[in-house]
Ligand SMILES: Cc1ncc(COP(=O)(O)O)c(C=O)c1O
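One chain comes next, on its own, written as structure tokens: the form predicted on its own.
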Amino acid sequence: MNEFSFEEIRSDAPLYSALTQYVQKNCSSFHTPGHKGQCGFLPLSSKLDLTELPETDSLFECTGCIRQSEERAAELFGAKYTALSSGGCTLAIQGMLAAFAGAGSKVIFSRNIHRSAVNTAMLLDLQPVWIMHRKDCGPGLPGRIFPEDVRKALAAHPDAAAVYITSPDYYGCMSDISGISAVCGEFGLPLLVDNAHGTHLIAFGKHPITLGAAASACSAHKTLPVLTGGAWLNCNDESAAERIKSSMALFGSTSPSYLTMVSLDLARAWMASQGQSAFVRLSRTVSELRRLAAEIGFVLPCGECDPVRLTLLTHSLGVTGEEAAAYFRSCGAECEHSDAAAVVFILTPFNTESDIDCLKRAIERFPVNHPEMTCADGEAYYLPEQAMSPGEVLFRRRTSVPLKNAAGRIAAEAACPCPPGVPVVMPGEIIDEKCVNILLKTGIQRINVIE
């Protein structure tokens, strides 16, 4: 039997070294993945890292154990059909748009779509019609999509094939899915929801499938005890099952991760038996943290929000979200996202009492002796002029230019800070001075443009 020097191997692996060094910092995790490194039932044994065998089924042609897992997931979500994804929510979004809209179709999109949806629009040559958000969530936040605006867009574009929105957004703000679903029903069109950050909303009766959406892409690893890359595509249309599988197979790897799929299966079982009550308990903890933060002087997003997402607007305390994140990090609490307006924490039932105490102490001790500052009102969310469709851009020759010299050029890619992964300028749109200034603030220095 061969003997290997594992210490020598590990010392020559920079990614492994970086990850182990970070873990040794022992920060409290308020970011993805949802298991927080605390969930003992996740299948981390390499012995379970298998492939398609007679006993193990095949993801895109499943008739055995994988299909049984999908059927039980459908029962949990109240869906007519559910498909597993080990290619993340990206694969679920690709399959959803391909199955319900189809190549070359016109689709009504909310402007805050993730870049994975933008890339899918390029691949499928979708024709986007943008709906802008009403800035009703608070300073610096993009806001929500309203049913009336969806109705106006559909009335103006009767040839649209589907409506696609993101809810909840990265900050936890939720649009009126029931109302938008009803509008889509009036026009006989499917409502497709990027529910990447809301898989757990089934615990509160607020999941898009519960509220009438035709389909939802759910990034389970963000809030559930699932290995990174685990997602579900839930569907309220049983007749779409065959299209969904074939569409996902177009984009997905022929070597899906069995470890990731098993973690989805186990998380579904946990959610069905214990998880929903655990999230309800967690919502009480988050409510208390919100109350404490408001007493300190933080502003909270307005309107209906994810019951367990903690987003703190920081302008009232005279600091940016990035500055607040640095403070929380110095206290041992690592956030999910920060920007000029806010700092965002993802809490799950797998955060320990020690994690919660760490965050609570950091909030209580937050320095509040700064003068209040003004906050740009969601400046990244506007509509530049469109010169080409995303599909027209896909195979055009492109070149990289310094962002400061890009004004007047046509974007060859979606330019966006990630997180949150929401593009400031879309492929085919003209980069104007406002785009340049916004992107420079995010640290982006170069951009690909059409030659």
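Note that the structure is a prediction, hence the values are computed from the model and not measured. Start at 1 with the first residue shown and count on from there.
Another form exists, predicted in complex with the ligand; not displayed. Remarks below refer to it.
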| property | result |
| --- | --- |
| Contact label in the predicted complex: Ile93 to the ligand, heavy atom within 4.5 Å | yes |
| Proximity of Ala342 to the ligand in the predicted complex, heavy atoms at 4.5 Å | no |
| 4.5 Å heavy atom contact, Pro256 to the ligand in the predicted complex | no |
| Residue contact check: Cys235 to the ligand in the predicted complex, 4.5 Å heavy atom | no |
| Complete contact of Lys80, Thr82 and Arg243 with the ligand in the predicted complex (any heavy atom, 4.5 Å) | no |
| Contact stretch among 143 to 151, 215 to 223, 176 to 184, 321 to 329 - heavy atom within 4.5 Å of the ligand in the predicted complex | 215 to 223 |
| Proximity to the ligand in the predicted complex, single hit among His315, Arg268, His197, His133 (heavy atom within 4.5 Å) | His197 |
| Answer option from Ser110, Ser338, Ser116, Thr260, heavy atom within 4.5 Å of the ligand in the predicted complex | Ser116 |
| Stretch 20 to 53 - residues with a heavy atom within 4.5 Å of the ligand in the predicted complex | none |
